[in-house]
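Presented as structure tokens, the chain that follows is alone, the form predicted alone.
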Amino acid sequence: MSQRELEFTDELGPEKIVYIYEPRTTLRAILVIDNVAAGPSIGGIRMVEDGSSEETFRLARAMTLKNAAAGLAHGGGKSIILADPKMAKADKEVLIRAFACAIADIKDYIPGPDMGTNEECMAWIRDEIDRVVGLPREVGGIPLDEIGATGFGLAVACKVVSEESGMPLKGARVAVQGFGAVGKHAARFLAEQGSLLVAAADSSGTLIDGRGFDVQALIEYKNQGKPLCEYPHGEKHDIDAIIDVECDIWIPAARPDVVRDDNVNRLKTRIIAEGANIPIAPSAEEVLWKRGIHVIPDFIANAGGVICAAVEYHHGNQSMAMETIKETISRNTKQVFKASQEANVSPRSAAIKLATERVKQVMTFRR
């Protein structure tokens, strides 16, 4: 383990770090199992070309905290396959199956879908090792991306904070950075409560319309694989413009560290619901908290996907999953913001304390 990697170790983990290289398929991947005190780790497989061990460590820890905060009988883990997620389907299947075979004997890691992978990829893994969550409906899974489990949880968290802060969701202006599997469903569920999607961004750029978009029409357009900046309505801007959009709810649902010390003061919003994992640098979150902006931490707000996955793993159904998401995220969001106010600390500090205490308590039950 390098000196840099040692900086990410502490009393909670990581439990295991695995570097994978398979010459025949050129598979390169990183797997971090952070903590398994509560049970086998659950965490998605991310496919990106520029992932790193540091990013994998941080994402795995976020999963430990997320699963603990949600009260799941699972620890946290994460894997990154270093490849282009837009490669040909046949080539992608080769890599995913090779990855599944590489982790076949690592029984304390249960993979699921993440950025760059989906339910079909999980079906390939099931065919190889039969230890996976986020499967297609056709093979008995609860397709969390299809039903929008994570986006639903974000909307639940936003509703709690809107009620606590006195800002109604009806008429609230929403901006989504990363209009994909998470972001588009968050926009949909918020629109059902009367909110207006005024801006959305993907890798092609930012689309803005202060009057609000027809969310369902925009989702249908996006589902065709078309870039937002070719949509026939709205103003077109570069990718970074989404940070400057004035709104009531801002949802980062793309890559880590999109908000940092050098751009945090450009945000003009009242609530931030973190749809991606680790999308805002900790120091930037402190700045936002001191400005009076309500930031709902990632492992509290975006736990809908892993809650759904855990329900699936334990043979539950879709209705059970959605009810569990609503109950768990609503309760945890209220608890975190109450603790934040009482201790006069940021919501993230309060959330980390809550989740860490749960992990440590579970660890006392283990040898």
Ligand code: NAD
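Start at 1 with the first residue shown and count on from there. Only the largest set of C-alpha atoms that superpose within 1.5 Å between the two forms is called the rigid core. Since the structure is predicted, the reported quantities are computational estimates derived from the model, not experimental observations.
Omitted from view is the form predicted in complex with nicotinamide-adenine-dinucleotide (NAD), to which the following refers.
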Three-residue site Ser195, Val245 and Trp250 fully in contact with nicotinamide-adenine-dinucleotide (NAD) in the predicted complex at 4.5 Å by heavy atom
no
For Ile239, is any heavy atom within 4.5 Å of nicotinamide-adenine-dinucleotide (NAD) in the predicted complex, or not?
yes
Is there any non-hydrogen atom of Gly178 lying within 4.5 Å of nicotinamide-adenine-dinucleotide (NAD) in the predicted complex?
yes
Is there a heavy atom of Asn302 lying 4.5 Å or less from a heavy atom of nicotinamide-adenine-dinucleotide (NAD) in the predicted complex?
yes
Non-hydrogen atom contact Val259 with nicotinamide-adenine-dinucleotide (NAD) in the predicted complex at 4.5 angstroms:
no
Which of 103-111, 261-269, 229-237, 195-203 sits within 4.5 Å of nicotinamide-adenine-dinucleotide (NAD) in the predicted complex, heavy atom basis
195-203
Answer option from Lys92, Arg126, Lys222, Arg188, heavy atom within 4.5 Å of nicotinamide-adenine-dinucleotide (NAD) in the predicted complex:
Lys222
Exactly one residue in Cys121, Val174, Val182, Ala157 has a non-hydrogen atom within 4.5 Å of nicotinamide-adenine-dinucleotide (NAD) in the predicted complex; which is it?
Val182
Residues of 69-97 having any heavy atom within 4.5 Å of nicotinamide-adenine-dinucleotide (NAD) in the predicted complex, listed in sequence order:
none
Could you check, with the core superposed, whether the Cα atom of Glu285 shifts 2 Å or more between the shown form and the other one?
no
Cα of Leu59 displaced 2 Å or more between the shown form and the other one, core superposed?
yes
